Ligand SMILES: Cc1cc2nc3c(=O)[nH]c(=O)nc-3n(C[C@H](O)[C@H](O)[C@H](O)COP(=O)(O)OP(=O)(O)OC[C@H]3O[C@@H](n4cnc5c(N)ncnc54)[C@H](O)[C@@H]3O)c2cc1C
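In the form predicted alone, a lone chain appears below as structure tokens.
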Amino acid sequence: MIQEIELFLTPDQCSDNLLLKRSIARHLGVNIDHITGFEILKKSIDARSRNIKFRFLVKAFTDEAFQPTQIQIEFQNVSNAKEVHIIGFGPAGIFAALKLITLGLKPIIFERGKDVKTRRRDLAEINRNLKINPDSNYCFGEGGAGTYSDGKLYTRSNKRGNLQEILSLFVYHGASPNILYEAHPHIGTNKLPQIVTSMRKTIESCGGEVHFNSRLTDVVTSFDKLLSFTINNDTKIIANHVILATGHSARDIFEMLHRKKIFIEAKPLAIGVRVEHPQHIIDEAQYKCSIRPDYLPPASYSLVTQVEQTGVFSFCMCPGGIIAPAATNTGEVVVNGWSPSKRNGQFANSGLVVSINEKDYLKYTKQGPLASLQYQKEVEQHCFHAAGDSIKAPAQRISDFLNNKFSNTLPECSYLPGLTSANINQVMPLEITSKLKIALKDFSNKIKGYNSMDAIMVATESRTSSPVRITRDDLTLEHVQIKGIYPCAEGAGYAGGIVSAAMDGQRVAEAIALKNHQGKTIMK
């Protein structure tokens, strides 16, 4: 017999598979010998009280052969298939390419940055020597920002695609199978590079192509009724279908499209700071204990409030993580966060951001669709100057920020390039700092110690989403003005994170395949 059962267990009951198996047998009222195997379908933690419980949804096999679910993905050789060109090799570009292969189309990808192995040297230059390569950094290169963005794989946009298919593809390429059932699946930045490389090898082994150090520099929208685009200012390529998956930081793409009079529009975004605490402060507040037991993961949080009808919220919370430099050009300071797979660092960090709307970037209206982009740029540049014209980020103790007081000393922080003490009240716009102050007072009532002397804020968290939308048709997913161009995922304003970007990449791939099947043959 095969049964799906729900269990609520104490931490010691689920500490290993034998104890979990005993709990299943007890729930079913049978001897443990009758349980031939089980498969975890869902797992979550309930830490709302001191009596912490784990919730399991389990498929149990009783008195019949155990048959675990197998991941089966059929890739085919598309060396001679019709070509689809993809600009950008982040999560959207990768998953669009994998989906195209399963649909019988050949992906040809152009990525401005470098492969993972070579990219590491440029990341080391950022942290050690404070030097930024505008084409190879934490945002650009193999895997895009997704390779160094912590690897959290949960999303609120399940209706946009098949979440289990995305997770299965990660497992197929080396991720831990537990991401298939964890309520908040997480891979870890230390493991993502190998997984991304494995995905690229799958694409290449099936006949797809991946070209690094290949930046889109021009688009021509009429050429014998076909598109053409230019790579690195000298290589012109004619194409039927071009997926724009360039990411939220490809400002040169937005500017080029605007210059070419290709329709784009300004989009609201969110800007704030990275808040960092010693991990034990968050553990104690969330688990209501003085020392976190080994069987519990490092605690996280999700905070949101409304201040003057404006959202203020935590973003990309990283337990046991570090704050990373995410600038893509000199003259700006941008921070992000990530965690290794074990989340065993001594700090917890999270973005704490304020929603920025049209009224906030009103003075930039002359910039047209680049108005919110210009607002974002200036905030980042102010932070750079406040740090002494360096990517050593401006920082302040939260308690001093609330009292508008300069921090004479700063607590230890995970941000490797280093910090410069600054009064964030004077560095960032008033519409951001005034709302952060009110929100922080609210959040301190929800998490004990949130505004303690050991808590620090680091500016600026500004790349939460794209400041521009490359607008597309809701039905065909093509650009509203130009057939054959498919704006995709975060860089086009249609996603926000690894999973939603991957889903959008798959949706666009399916739209292209559907168009090819309507009276056309797939093969050349």
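Just count from 1 along the sequence shown to find any residue number. Keep in mind that this is a model prediction, so the values were computed, not measured.
The following text describes the form predicted together with the ligand, which does not appear among the structures shown.
The ligand is not drawn, but in the model of the complex it has no heavy atom within 4.5 Å of residue 105. At the 4.5 Å threshold, heavy atoms of residue 92 reach the ligand in the model of the complex.
Contact between residue 396 and the ligand in the model of the complex is not found at the 4.5 Å heavy atom cutoff. In the model of the complex, the ligand stays beyond 4.5 Å of every heavy atom belonging to residue 196. Put simply, of 361, 170, 401, 110 only one has a heavy atom within 4.5 Å of the ligand in the model of the complex, and it is 110. The putative spot formed by 214, 490 and 498 is fully lined by the ligand in the model of the complex; each residue has a non-hydrogen atom within 4.5 angstroms of it. Stretch 244 to 252 is the contacting one of 410 to 418, 299 to 307, 244 to 252, 121 to 129, since its residues have non-hydrogen atoms within 4.5 Å of the ligand in the model of the complex.
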